[in-house]
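Just the one chain here, the form predicted on its own, laid out as structure tokens.
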């Protein structure tokens, strides 16, 4: 494996780096202070991202997207990850689940998302169903040529700005080796649909301006034409998305690692105490060494998983390792960078306190660290158990 980036990839990184510095960083103080992303600013970022070719870069070129491979997307997400989540998310990466759209669904949902005219969100988590997705209580009951949906979802990211929801709901029960389990179906549901309500979610310490929401479905009727994929085959639609999303989280974490690490190195090299720069003290020097080590290990695991995806397919274990390593490296690096800065690290004058706060959720969403370890350990043991 050779992770040396190509000339085209270097141009992508340079473009993204300039974009983040010029179009996102200047607005971080406003978003962090108000916990809101003004619509005018959101539209401005979308327009500029489209101008420089960064919008919908993950979508196939033949459909109007950027057509980037997985490793190139990781390089892009890493640069975007340096900025506040609400700002960097606005650059636009439609859910690749939408590639399962067919015929009229493509015209109504997929293509508008690629063009930046609509935004999607994924609704899977529930108050009683987090990591155990099949325990979801939200149901979609078939009635003639329609489905009637009842139940709630929570922790639904950016549902407040989304135009439609990709909803996962239980549509039946089947028997498995472990007993009865629910069948899951994916639906495309517009925000204006009767019986569907979106309300503000919980106040969060992480990601100011980027909100979680609660979705409520009360006898919400949708047509069978709004089924994404096939009935009872929701996981077939979601599986590819889950792996790629974990890789995206890993890449974003690397970007935040970079920003915190660079700030820590600069401060250690210039801040003086007892007539010498603090980086010369072993207590600080060893912190920098450990930060560099964890950052490099997370980078290699992330790039390896991306390379595998581009050359035949990334395994669940590889995606889990990348997400686990990068999210835990970020937690360590953000904390140590703040410690090196002392009291100033906690002040809003620097982005460190924001990176430190935002880092916490990365070990929880898109599969907690415990779930990633479970995936990894099962992959290790499965061949031994089947001998």
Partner chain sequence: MKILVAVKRVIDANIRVRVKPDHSGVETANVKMAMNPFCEIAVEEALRIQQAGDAEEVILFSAGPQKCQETIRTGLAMGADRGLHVLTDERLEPLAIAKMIAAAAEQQGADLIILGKQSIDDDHNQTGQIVAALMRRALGSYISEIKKVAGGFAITREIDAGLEKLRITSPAVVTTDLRLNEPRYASLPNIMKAKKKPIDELSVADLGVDIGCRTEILSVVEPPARQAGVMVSDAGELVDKLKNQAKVI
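Residue numbers count along the first chain shown, from 1. Quick caveat, the model's predicted, so the values are computed rather than measured.
The protein also exists as the form predicted in complex with its partner chain; that form is not presented, and the subsequent description refers to it.
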> Which residue among 290, 132, 218, 266 has a heavy atom within 4.5 angstroms of its partner chain in the model of the complex?
Replying inline: 266
>> Going by heavy atom distances of 4.5 angstroms or less, which of 359, 338, 325, 57 would be at the interface with its partner chain in the model of the complex?
In response: 57
> Might residue 48 be said to contact its partner chain in the model of the complex, defining contact as any heavy atom within 4.5 Å?
Replying inline: yes
>> Whether residue 29 contacts its partner chain in the model of the complex should be assessed with a 4.5 Å heavy atom distance threshold; does it?
In response: no
> Hey, in the model of the complex, is residue 37 touching its partner chain, heavy atoms inside 4.5 Å?
Replying inline: no
> Counting only non-hydrogen atoms and a 4.5 angstroms cut-off, does residue 66 reach its partner chain in the model of the complex?
Replying inline: yes
> Picking from 29 to 37, 328 to 336, 343 to 351, 48 to 56, which part of the chain touches its partner chain in the model of the complex when contact means heavy atoms within 4.5 Å?
Replying inline: 48 to 56
>> Within 4.5 Å of its partner chain in the model of the complex - does that hold for a heavy atom of every one of 238, 241 and 244?
In response: no
>> Heavy atom within 4.5 Å of its partner chain in the model of the complex: which residues of 4 to 31 meet that condition, in order?
In response: 7, 8, 10, 11, 12, 14, 15, 18, 19, 22, 23
